[in-house]
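First, one chain by itself: the form predicted on its own, in structure tokens.
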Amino acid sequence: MKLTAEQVTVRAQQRTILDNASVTLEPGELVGLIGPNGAGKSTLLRSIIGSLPYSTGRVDLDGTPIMALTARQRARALAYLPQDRHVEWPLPSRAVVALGRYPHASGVGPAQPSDSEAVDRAMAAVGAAALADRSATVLSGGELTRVLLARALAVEAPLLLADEPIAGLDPFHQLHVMEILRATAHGGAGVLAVLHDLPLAMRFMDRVVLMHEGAVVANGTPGEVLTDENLERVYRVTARRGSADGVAYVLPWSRVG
């Protein structure tokens, strides 16, 4: 399934938050949505899933306007990991992950074996099987992030949108989550993830979309986008570069101005 967002504009309180932003996501592709704080990354994701109305533009799934789909159809097609990591009720973590199967439920009768299997796969993928019986309200921030990512993975949707999926994680689990996202994409899904970690974006992403002041200013491979010129213009930083194990890396090094 291909996602296409074209010239999406969002205005609020007489202010343009998103300005003719466009992004595409193909099956099997891991795309990073990058840019400084307030660039419009989360706004674009929320517009795509239909939770935030846009003034102009369109969002299509395989050529069909997303708002022409029912809420259940959208939920089956687009799994979403929000930036806000919060669980209101003291549910066991496995029950939280099982909520990801809700779009597939018939509304009557018990959960199907396929639902339980999907939950097991998702929890195993993020290394959260040991958290299954623990209340989600007592988990650490990093543990809860992994449980909520498992909930998104349990949907087994053709598209996954993740807003800062490695926020609050230690280096081991940051790498683990990036490996999960890459494996999910290379397994056939399209994955669009908001990231602030430029070294990990450089290392893992197939393509990156750079946003600045509500607009998309660059789109291409990490090497094409994360240039010295773009880093200085958009992030106001200089960088150090090198390679390890045949993979190029970039490290933000000093502030400009």
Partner chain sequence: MIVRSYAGLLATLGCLVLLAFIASLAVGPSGVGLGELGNALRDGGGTGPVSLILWELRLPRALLGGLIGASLALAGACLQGYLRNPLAEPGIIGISSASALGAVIAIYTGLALRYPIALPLLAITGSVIAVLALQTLARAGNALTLILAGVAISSLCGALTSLALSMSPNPFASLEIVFWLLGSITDRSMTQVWLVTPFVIGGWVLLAMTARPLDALSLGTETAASLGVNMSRLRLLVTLGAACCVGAATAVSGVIGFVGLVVPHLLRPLVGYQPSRLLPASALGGAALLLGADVLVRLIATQNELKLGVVTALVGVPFFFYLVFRSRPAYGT
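Residue numbers count along the first chain shown, from 1. Owing to the predicted nature of the structure, the values given are computational and were not obtained by experimental measurement.
Not on display, but discussed next: the form predicted together with the partner chain.
Chemist: Each of Val31, Leu33 and Lys41 having a non-hydrogen atom within 4.5 Å of the partner chain in the model of the complex: is that the case here?
Modeler: No, the candidate spot makes no contact with the partner chain.
Chemist: Indicate whether Ala150 is a 4.5 Å heavy atom neighbour of the partner chain in the model of the complex.
Modeler: Ala150: no, not in contact with the partner chain in the model of the complex.
Chemist: With the partner left out here, check for me: in the model of the complex, does some heavy atom of Gly141 sit within 4.5 Å of the partner chain?
Modeler: No, Gly141 stays farther than 4.5 Å from the partner chain in the model of the complex.
Chemist: Within 4.5 Å, heavy atoms only: does Gly100 come near the partner chain in the model of the complex?
Modeler: Because a heavy atom of Gly100 falls inside 4.5 Å of the partner chain in the model of the complex, the answer is yes.
Chemist: Do Ala122 and the partner chain come within 4.5 Å of each other in the model of the complex, heavy atoms counted?
Modeler: No, Ala122 stays farther than 4.5 Å from the partner chain in the model of the complex.
Chemist: Counting only heavy atoms and a 4.5 Å cutoff, which of 122-130, 182-190, 150-158, 169-177 contacts the partner chain in the model of the complex?
Modeler: Comparing against the partner chain in the model of the complex, the contact stretch is 150-158.
Chemist: For 49-81: residues with a non-hydrogen atom within 4.5 angstroms of the partner chain in the model of the complex?
Modeler: The stretch touches the partner through Ile49, Ser51, Ala71, Ala75, Leu78, Tyr80.
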